[in-house]
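Form predicted on its own, single chain, as structure tokens, below.
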């Protein structure tokens, strides 16, 4: 009798299935209760669904579904599904491993731009010995858009490195050492100080195509770095790629790092390919660890069966 179903069109269902089965005994769940799409005998028996970009109408086929668990950090792919039952809780992943890996990526790219590594790489290929000076991190303002679990963690790490760190989000946050800006009214004040902009925003109606050529023009271009840089590791649909390419070509952006894109994989004819002042990575900044994610979901299911409350439920109005 299958009561837990794994369904994804973008990742290996069998791989997740093996991870779930391996972790199930730790929380006294029978692995025989677990199935993966479409290898499931009776859809009427399914009570819990674990997904990443699942078949569009799958929820409509599960009449006894109690909760939906997302296998990754972003839930926008679920909220865009108009067949999704609005009364069911959607549970997002809050994973220490994923948070730690995102912190690694953001630190790596921030230091890359602080120390002008792109410029030095070009000089190396041209066999030019540059007499080059980089400013101290304390002289550079780095701004993070999105101060949820991931953004807050990254802000703390950057602050510890010595950067002047500020953040902008839907609502004000209280993080030691971080100046917090909130809402549309405070966005320009935030951008006007920011030399390195980190985009960790969720994809919602309010954030879709938010980062444009005009938007990038509001950054601080006269600070210690002598220009502005952009790091995108949240959701690809929150920026406009042709605008970013234009900004990188004409100097509105000094440099950038991008891990998320409007379309993935990135199209071969994208204007982003081949730009010397851009680092491209294949959406691997913080890949979910299957063992830890599987165990977290199974622990929630076991607790829910005993009458416990689900944690990290998505606010459908906010979209995250």
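Positions refer to the first chain, counted from 1. Everything quoted here is computed from the prediction, not taken from an experiment.
Omitted from view is the form predicted together with a small molecule, to which the following refers.
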Check your understanding: Out of 56-64, 271-279, 34-42, 258-266, where are the residues with a heavy atom within 4.5 Å of the small molecule in the predicted bound form?
Key -> 258-266
Revision key, fill the gap. Among 191, 224, 175, 98, just one has a heavy atom within 4.5 Å of the small molecule in the predicted bound form, namely 98
Check your understanding: Given that the small molecule is left out here, which of 166, 90, 244, 233 has a heavy atom within 4.5 Å of it in the predicted bound form?
Key -> 233
Check your understanding: residue 131: heavy atom within 4.5 Å of the small molecule in the predicted bound form?
Key -> no
Check your understanding: Is residue 148 one of the residues lying within 4.5 Å of the small molecule in the predicted bound form, judged by heavy atom distances?
Key -> yes
Check your understanding: Taking the shortest heavy atom distance, is residue 202 within 4.5 Å of the small molecule in the predicted bound form?
Key -> yes
**Study point:** residue 291, heavy atom within 4.5 angstroms of the small molecule in the predicted bound form
**Key:** no
